[in-house]
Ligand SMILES: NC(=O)c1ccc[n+]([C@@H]2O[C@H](COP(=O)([O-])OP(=O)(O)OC[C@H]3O[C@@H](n4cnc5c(N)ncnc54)[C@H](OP(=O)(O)O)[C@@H]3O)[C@@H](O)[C@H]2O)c1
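Given next, in structure tokens, is a single chain: the form predicted on its own.
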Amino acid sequence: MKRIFITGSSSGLGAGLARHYAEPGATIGLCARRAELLTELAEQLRARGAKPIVLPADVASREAMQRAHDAFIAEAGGAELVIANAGVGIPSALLEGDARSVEQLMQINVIGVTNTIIPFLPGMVAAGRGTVVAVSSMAGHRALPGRAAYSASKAAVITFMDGLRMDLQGSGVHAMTLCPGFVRTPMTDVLTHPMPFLVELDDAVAIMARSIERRDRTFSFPWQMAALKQVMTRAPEWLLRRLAPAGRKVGTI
């Protein structure tokens, strides 16, 4: 896969995936809000022989993402792999009646995925090949206390990609979802609660790349968390409340 578009590529998993795919002949679209970080990453990719295209944009804006798509296609000529990786976890005050932070989270975590993937579909279907990937989370498999909005947003991503994959049947284009557990990134560095089975960034990137190459459907990792998924989806609510990380305030994501 030589023409790759990645959102949330200014840091964390997105930047790690961009570095993984950077090799001579590869064209990599780097899309995120922080242009200065994209420019720094672009220099690293050039040093590896890849051609980076810096595309600063907010995934929550449909118009901005359409422009990013158009600019990438104009320069790259097409896309074989699109990774909708951008996502956030935003503290919210659900029980205080404030829905603004939930709206913002859904705009980025859910609408950001559809804004990223949908513009690429006509061209990929016409070419008869390609893979579209959405990065969800283990939290998307079951609602968790203190994470109502975050869990819901990640579940929506899984469901959307499942349906899209069926819509794409026979087209040559594959839709899949990656559901990581805890990965060491700037997003998790600020968390204070325990993070069981924490995966180092480079290891997570390698796992994700292998899953993309296999064209999995919905892939959860690490294996310990994937095994716990069977427990999570069947556990009674009282047990989930008891096992939720301590110290998290009621009403936060």
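Worth saying up front: this structure is predicted, and the values here are computed from it rather than measured. All residue numbers refer to positions in the sequence shown, first residue = 1.
What comes next is about the form predicted together with this ligand, which does not appear here.
No residue of the trio 83, 115 and 219 has any heavy atom within 4.5 Å of this ligand in the model of the complex.
185 is the sole member of 66, 44, 39, 185 with a non-hydrogen atom within 4.5 Å of this ligand in the model of the complex.
A single residue from the set 146, 181, 119, 130 has any heavy atom within 4.5 angstroms of this ligand in the model of the complex; that residue is 181. Among residues of the shown chain, residue 203 is not one whose heavy atoms approach this ligand to within 4.5 Å in the model of the complex. Interface membership of residue 137, defined by any non-hydrogen atom within 4.5 Å of this ligand in the model of the complex, is confirmed. Remark: residue 150 counts among the residues lining this ligand in the model of the complex, judged by a heavy atom distance of 4.5 Å or less. Contact between residue 28 and this ligand in the model of the complex is not found at the 4.5 Å heavy atom cutoff. The stretch in contact with this ligand in the model of the complex, judged by heavy atoms within 4.5 Å, is 84 to 92, chosen from 158 to 166, 71 to 79, 122 to 130, 84 to 92. For the stretch 153 to 167, the set of residues having any non-hydrogen atom within 4.5 angstroms of this ligand in the model of the complex comprises only 154.
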